[in-house]
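Alright, two takes on the same chain below, each alone as structure tokens: structure 1 and structure 2.
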Structure 1
Amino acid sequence: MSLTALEIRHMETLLALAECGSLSKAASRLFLTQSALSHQLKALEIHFGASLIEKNVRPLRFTAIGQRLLTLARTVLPQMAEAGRDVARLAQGHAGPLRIAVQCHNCFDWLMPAMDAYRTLWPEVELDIISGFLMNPLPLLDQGEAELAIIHDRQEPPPSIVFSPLFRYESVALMSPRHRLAAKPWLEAADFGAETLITYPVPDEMLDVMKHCLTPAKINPKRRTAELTVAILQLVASGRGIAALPSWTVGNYLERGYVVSRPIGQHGLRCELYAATTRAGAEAAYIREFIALTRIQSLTEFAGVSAL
């Protein structure tokens, strides 16, 4: 009933619960099963002799006791994280540079805010983006020219490399509200055939729609390219063609009604992002924390982004 019995794991659970609003969501964020959290909560409730959350309401609500423990978690966990950083700084003679190889334009949208947040935690780390937009950035890691690479979709990592899951997002088709395809509840590959597809100026393999949907269906629509996301959206809004972008990059435009979004395929087109490091990099605290931070931050900031 006293100090022990409430473990760090429990505080992390409470924090995730507060942000996700359901056991199952919180579980996947913590890389655990829903069952684990259910058991955890049950144990706590037995221990304290009172319930911590009301689960019959969505999103779930914290009881007074649950809130007290939640505020504890909110004060304690950051203190521990800070101590962990200090120790890492002391243990491994001051951290090196962190050069990030990115494959896709979209990445900047979530990478930038994450880098900003990270910089306050590890001011001495030299952050750098390597944006050659290479097809395969993994060799850069082995060659020591980058510490981190952002990888699309699950694949078998080479022995020298470690993958860490970041998150899953959905790519949606975007079109003018007056576009004829806007009438359909969802688009299939064939719908793209007669359209002009507006994309970033990169190879097809680096475009989610092409790689996962159109190329397999042997459909190759007309193209028009733009460097910037806003430019693509402008073209879409003025009816010059359709585009396919991650759902969370276009929140504002959707809300204002300039464009509408439709799932690609009946169940949507889901893409996965992984962070790749060398085995050594996966040990280094300052790199591990960058991965953890981008993951959490993206999961909380962006709607339509989910844990994997």
Structure 2
Amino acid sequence: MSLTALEIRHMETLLALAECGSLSKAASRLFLTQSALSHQLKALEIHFGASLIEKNVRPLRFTAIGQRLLTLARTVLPQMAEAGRDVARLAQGHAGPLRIAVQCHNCFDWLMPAMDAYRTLWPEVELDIISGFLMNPLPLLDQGEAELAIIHDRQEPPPSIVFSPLFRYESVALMSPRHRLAAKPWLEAADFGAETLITYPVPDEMLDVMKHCLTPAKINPKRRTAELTVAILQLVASGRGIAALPSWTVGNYLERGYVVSRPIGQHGLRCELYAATTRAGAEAAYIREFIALTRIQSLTEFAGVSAL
């Protein structure tokens, strides 16, 4: 059977299925609905006259034919990406610096692995993080002091700035397994009122739980602050208070039973992250690839993360 119907998007689908391990996660990574991904997979199976994925098997497993096509995808896609980088270098000249300004303490959990992976692809790029956490890092882009900023929540950008979606995440309430609130299926804003809220030492506008839940409800609990995520979790585990953090930061503590998590609100507190660049930066191949790599790696590897 001919391979001429196998397009780049099909190979990307096969790779996403292999790396994500499920249709739903692969669809999220590819910005498709699960139904659209299923139809694409079905069309490939009709074309090749054979199943590519074993039916009713968990975790997802490829058939021998699917595995052969996956091997092709793993060979071809990196070669195409490398060729694209070489073309960009020839067309645009050498890549410039990539200085990143961040708005959040816990961004480093996903940002540092993405930077490590990126360095192997663009070794000539001067990659750096601007020290400090900024309420509004966007002016640094216009001033030429940063090429990329990590921004919480969608906002109307200035005309010179472009926002690119990274991912959506859930912020969860955290407490000791022995805490009285651990008996509840989810926490409401009022549940925080009599508690000590353990947070990073930043303004309320930079805390998801305050910005999206407690401040609108006019709830202002007592505070205790800690600079590091691990210090916050240790304080929570020892019963000194409760916290609210992105779910990707707490996996090890949850698995070991040191803390428990509960949704904030019956349907959970969903927040968003964006990458902001100047319009010129958005056209630079080396910056576009960093954004794409960060998005794909985070969607694949971190709990509670979904596509925007």
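Every value quoted in this text rests on a predicted model; they were computed, and no experiment measured them. Structure 1's sequence is the ruler for residue numbers, which start at 1. We call the rigid core whatever largest set of C-alpha positions still superposes within 1.5 Å between the two forms.
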Which of the two shown is the form predicted alone = 2
Arg58 C-alpha shift between the two structures of 2 Å or more, rigid core reference = yes
By the 2 angstroms cut-off, has the C-alpha of Ser28 moved between the two structures once the rigid core is superposed?
-> yes
With the core lined up, does the C-alpha of Leu44 move 2 Å or more between the two structures?
-> yes
Rigid-core-superposed Cα shift at Arg68 between the two structures, Å = 3.0
Report, in Å with one decimal, the C-alpha displacement of Glu19 between the two structures after core superposition.
-> 4.1
